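Just one chain is shown here, as structure tokens, and it is the form predicted alone.
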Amino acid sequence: MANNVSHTTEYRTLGKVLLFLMLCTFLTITVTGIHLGPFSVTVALLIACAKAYTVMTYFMHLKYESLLLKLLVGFVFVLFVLIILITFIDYAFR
């Protein structure tokens, strides 16, 4: 059954989220210029995960959903990290 409860977020909160996303974008651009070696991609992916989590939490209203849905989304993140880790391991041993 669909829940018809309206979830609104204050403009102040959305402004903070916007500033955070812009800061993360600036950090990603900065990291690509620093040349951290093999860690450049890792740091960029961590920043991208933080941005994705923020977007899902505030713009897709995940923070208002049930625990089951939150756990399922968390499982997808864990699966994503495992796939990236396996890809890096495969690349390292070629």
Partner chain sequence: MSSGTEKVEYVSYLDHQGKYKGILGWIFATDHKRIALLYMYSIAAFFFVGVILGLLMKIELAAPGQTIMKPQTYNGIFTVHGVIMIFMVVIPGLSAVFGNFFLPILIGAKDVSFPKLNRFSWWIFIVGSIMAVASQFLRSGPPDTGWTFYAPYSTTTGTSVILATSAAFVLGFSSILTGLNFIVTIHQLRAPGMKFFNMPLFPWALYATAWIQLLATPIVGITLVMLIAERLFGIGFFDPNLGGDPLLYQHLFWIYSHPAVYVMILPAMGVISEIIPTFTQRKIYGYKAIALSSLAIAGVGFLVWGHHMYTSGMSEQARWFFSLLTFVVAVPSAIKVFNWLATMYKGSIDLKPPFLYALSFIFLFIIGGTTGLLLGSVATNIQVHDTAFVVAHFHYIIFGGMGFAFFAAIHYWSPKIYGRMYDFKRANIAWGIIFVGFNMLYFPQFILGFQGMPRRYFDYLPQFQGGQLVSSIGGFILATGLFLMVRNLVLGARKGEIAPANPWNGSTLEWQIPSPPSLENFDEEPVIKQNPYDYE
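If you're wondering where the values come from, they're calculated on a predicted model, not measured in any experiment. Positions refer to the first chain, counted from 1.
The form predicted together with the partner chain is left out here; the points below concern that form.
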Looking in the model of the complex, any heavy atom of Leu68 within 4.5 Å of the partner chain? yes
Exercise: Val76 in contact with the partner chain in the model of the complex, heavy atom 4.5 Å: yes
Can Leu82 be called a contact residue for the partner chain in the model of the complex at 4.5 Å between heavy atoms? yes
Given that the partner is absent here, does Leu18 sit within 4.5 Å of the partner chain in the model of the complex, heavy atoms only? no
With the partner chain taken in the model of the complex, which residues across 63 to 94 come within 4.5 angstroms through any non-hydrogen atom? Leu68, Leu72, Val76, Leu79, Leu82, Ile83, Ile86, Thr87, Ile89, Asp90, Tyr91, Phe93, Arg94
